[in-house]
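Okay, here we've got a single chain as structure tokens, the form predicted alone, with questions on binding and movement later.
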């Protein structure tokens, strides 16, 4: 039986109480809301905090506001509530889809948008019991000095696994961050960094207080595709999010994000050049799919074959783009290329 480590339970009821605690004990605290990822990690001794800070009763962080400038979402909104919210379903269908594909219904009822955004990275050599990791000599991300994926590497390459983050990037979403001393806002794309040990910009004492999706994203078409071993429960082996504005049959402002291959989501570059005159037809879809395959290559950071995951990049890019156009995700004869 895997047991929890000893910790002191802290349950603030207001944002001020939370920020006060973090100002004094940030380095010794782990924040949890739904706890769907944190609790298993605690049992594996991947986190060993002095204070476990449950923020689920800070009601001022639980809101969905549809305003003229866009959609404002509190970090404590559950993934289930986000997926069934009428405004999200109407205006941001890809966000609905991504939230609805996280794990299974029980976990979506507990897991939050803030927790999914701040999800810890995953790796074959990290997400194991203490005894397993000790036998191997631990790893760069926790207790060790060597990355078993890239033995000569100096940076952890554990995989980013959030479903909602790639979609939020394609929608130009922003994250509001608060500490006792300051407030700042960063684009979701800039929220992540290429370091599997701590892959976001949150500093000690900071907490996500709001996710904002701008009004200009309401009219965008989009698609989200997720590869996983089973159709429920499992984290993504690969995820692809696409969004673009469409006017008079042409697309503009196209964004394509591929994730679950590295420590941060990757935005595929050069889409404007690949969209001849803004036409997203079969030829353009194939050009974009092949460009994504060239730019995005996985490493052996999760227990699935990296060549297969790489081969699926163009396949799932095609499906995401076809979904955005209202076409069946799978073409009649879909070409799979390595």
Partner chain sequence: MSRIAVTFTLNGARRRVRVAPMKRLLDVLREDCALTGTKEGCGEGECGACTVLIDGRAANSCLIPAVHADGATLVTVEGLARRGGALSALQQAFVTMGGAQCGICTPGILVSAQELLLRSRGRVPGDAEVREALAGNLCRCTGYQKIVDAVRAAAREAMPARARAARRAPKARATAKARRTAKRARRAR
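Small disclaimer: the values here were computed from a predicted structure and weren't measured. Positions refer to the first chain, counted from 1.
There is another form of this protein, the form predicted together with its partner chain, and it is not shown here; the text below is about that form.
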Just one of 182, 215, 194, 233 has a heavy atom within 4.5 Å of its partner chain in the predicted complex. Which one?
-> 233
Students should find that, of 186, 93, 80, 150, the residue having a non-hydrogen atom no more than 4.5 angstroms from its partner chain in the predicted complex is 80
Report whether all of 5, 43 and 57 sit within 4.5 Å of its partner chain in the predicted complex, measuring from non-hydrogen atoms.
-> yes
Considering only heavy atoms, tell me if residue 35 and its partner chain come within 4.5 Å of each other in the predicted complex.
-> yes
Wondering, does residue 86 line up within 4.5 Å of its partner chain in the predicted complex on heavy atoms?
-> no
Any chance residue 284 has a heavy atom within 4.5 Å of its partner chain in the predicted complex?
-> no
Does any heavy atom of residue 39 come within 4.5 Å of a heavy atom of its partner chain in the predicted complex?
-> yes
Okay, which stretch from 204 to 212, 260 to 268, 98 to 106, 242 to 250 lines its partner chain in the predicted complex, with non-hydrogen atoms inside 4.5 Å?
-> 98 to 106
